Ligand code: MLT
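The chain that follows stands alone, in the form predicted on its own, written as C-alpha cells.
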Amino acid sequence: MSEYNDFTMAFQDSADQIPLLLIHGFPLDSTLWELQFQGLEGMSRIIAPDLRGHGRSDNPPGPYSMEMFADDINGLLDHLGVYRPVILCGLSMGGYVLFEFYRRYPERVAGIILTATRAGADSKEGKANRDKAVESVQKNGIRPIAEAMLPKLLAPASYEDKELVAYVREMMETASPEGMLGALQAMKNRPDSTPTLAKIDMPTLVIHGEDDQIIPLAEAEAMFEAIEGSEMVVLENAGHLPNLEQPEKFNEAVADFIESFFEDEEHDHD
C-alpha cells in the first residue's frame, strides 16, 4: 500500500529490472495480470497498480479523469523510486490512461504496449451508453453491469472456460460503485488520442484479440498503421482480455518486445 495524493493506492511489484508497468481495464484490477507476473518473471520488474476506485486501492468520490489516473501512476513511480523510463502496457481503459500518461510524462516512457484498446474518444452513442451505465450503477449497484459485460469481454471459445469466467466475474464484482462511476465518467470525457499516434516516437507493440467484441480489430490496425515503426500481434481465440485468454502467446509477444530493449542496451555498449 502506498499513501500519497490524498488516497491509498495498492500495487504489486517485482525485482529490479527494466520496469514493465501494467494498467488494467474497466471494471477490473491488478489481478488481471496474474499470469503475466508468473509468465514474465525474471524478465522485467513488473508493477501493476490498482487504479483509484478499483481493487484494493481507496475509493475516493468521483468524478475521476484520465489526467487523475495518469498523475496517480506518476506518483506511484516516484514513491517506488523508479526513475528510469518504463515500458507501459495498457489494456482497454488502461490504454486510455497510457495515452494520457505519455502526453503528460513522455520522459518516463521507454516503450508502449497497446492491448485491446483504441485511440478514438467516445462517440455520441458511446457517451449516451456511459450515462446509462452510470444510472444503472446508481440504481442497481455494480452487478447488472458486470453480468452484461462478462460475455462481451471474452471470445466465444474462452467463455466456455468456466474457471476463467468465474475469475473475471469475481474481479468485476469486487469493483466499488464509486470506482465504477468515476471510471465511467473518466472514459466518457476522455480526449481523442488519435492525434497522439503520429507523435509516438518509441518502440510500440499493438496486441489485439481477433474475436474482440468490444473494440473491433480494425481500430487496433488503424493505431498500428498510424504509429511509425510499431509492431502488431493478433491473437486467435482471444477477445477483449487476450492476456488471460491466450496468456502464453501474449507473454511471448511481450517477452520479445522486452528483449528488444536488452538488445538496444547491448548495442549502446558496443
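Numbers for residues come from their place in the sequence shown, where the first is 1. None of these values were measured; they are calculated from a predicted model.
FYI, the form predicted in complex with D-malate (MLT) isn't displayed, but the following is about it.
Asker: Given that D-malate (MLT) is left out here, which of L217, M232, I214, M43 has a heavy atom within 4.5 Å of it in the predicted bound form?
Answerer: Here the answer is residue option I214.
Asker: Which pick from M149, V165, L80, A110 sits with a heavy atom within 4.5 Å of D-malate (MLT) in the predicted bound form?
Answerer: It is M149.
Asker: Every residue in G25, Y96 and H240 with a non-hydrogen atom within 4.5 Å of D-malate (MLT) in the predicted bound form?
Answerer: Yes, all three are in contact.
Asker: Looking at 88-96, 138-146, 196-204, 155-163, which one sits within 4.5 Å of D-malate (MLT) in the predicted bound form if you count heavy atoms only?
Answerer: It is 88-96 that comes within 4.5 Å of the partner.
Asker: Should L76 be classed as touching D-malate (MLT) in the predicted bound form when contacts are defined as heavy atoms within 4.5 Å?
Answerer: Because no heavy atom of L76 falls inside 4.5 Å of D-malate (MLT) in the predicted bound form, the answer is no.
Asker: Using a 4.5 angstroms cut-off on non-hydrogen atoms, would A175 count as touching D-malate (MLT) in the predicted bound form?
Answerer: Contact with D-malate (MLT), no.
Asker: Flag R130 as yes or no: does it have a non-hydrogen atom within 4.5 angstroms of any non-hydrogen atom of D-malate (MLT) in the predicted bound form?
Answerer: Because a heavy atom of R130 falls inside 4.5 Å of D-malate (MLT) in the predicted bound form, the answer is yes.
Asker: At the 4.5 Å heavy atom threshold, is M187 in contact with D-malate (MLT) in the predicted bound form?
Answerer: Result yes; M187 sits at the interface with D-malate (MLT) in the predicted bound form.
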